[in-house]
Ligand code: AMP
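Presented as structure tokens, the chain that follows is alone, the form predicted on its own.
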Amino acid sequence: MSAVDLHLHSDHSDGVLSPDALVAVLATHAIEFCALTDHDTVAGLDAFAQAAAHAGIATLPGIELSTDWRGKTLHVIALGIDPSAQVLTEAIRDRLTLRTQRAQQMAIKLDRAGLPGTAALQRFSQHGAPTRTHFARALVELGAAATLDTAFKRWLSQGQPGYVKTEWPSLTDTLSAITLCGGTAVLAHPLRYRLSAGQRRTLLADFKAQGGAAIEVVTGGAATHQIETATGLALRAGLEASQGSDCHDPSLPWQRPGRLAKLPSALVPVWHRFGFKGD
């Protein structure tokens, strides 16, 4: 178990728990330092920080921003941000507009495929940051898919009937916005992207050259060989290391907060930048 978890989601994006309820779970898992990093929204940060302070848990304000690099969708976590910075407010506004447009297009495509797309959308139409996970959950609830995994594989992943490609803001613009709002940029789960080894090395070089600070080396459910691969990437690129469960639902064993392997000692933990020396 680890006392540091810098990748967490609440129901303000696609997590299942409110910020308060998430903090209650963190307290039972001996978390000491953490960050709420909802997708493209900071709406849950105040409630999360207040609940965490009451529980004696130190937090960083964070967000996970969707971005594009050479036609590939990536996720960049920003830690230690100023949530009220105008540049971040604009970056969030642009992404939420794209998310709303995408959700509407996905509903239409699912309807055309004989799925209850519009009915699914209506279940979360008031959500400020709609995601594919919301569609997956709704399809399960409506009986159109047996599990979330099935919903993604058969209907919502790339190449499937409900998938809609989104042109997110560029990595360059994303990293600039993070820097201008005082944040530290961390490339989330670098091994999940469909990239060749050469492309991944080029990505990390671009990421660092444009202000990126760290990559996630230890993620929820990561196998030993994946941690070793990510460690090598961080060392070769000269990047610091982060870790996080990417928890959306703590009832899933591989997403439990703090259930993380120890960060390899050869790496520099990104949380040292923020004065936390534990773990």
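Not measured: the values here are computed from a predicted model. One rule holds for the numbers: they count along the sequence shown, beginning at 1.
Below, we turn to the form predicted in complex with the ligand, even though it does not appear here.
Annotation: in the model of the complex, residues 75, 99 and 132 each come within 4.5 Å of the ligand through at least one heavy atom.
Residue 149 belongs to the set of residues with a heavy atom inside 4.5 Å of the ligand in the model of the complex. Residues placing heavy atoms within 4.5 Å of the ligand in the model of the complex fall in a single listed stretch, namely 132-140, out of 202-210, 132-140, 177-185, 109-117. For the partner-free chain shown, just 14 of 12-33 comes within 4.5 angstroms of the ligand in the model of the complex, judged by any non-hydrogen atom.
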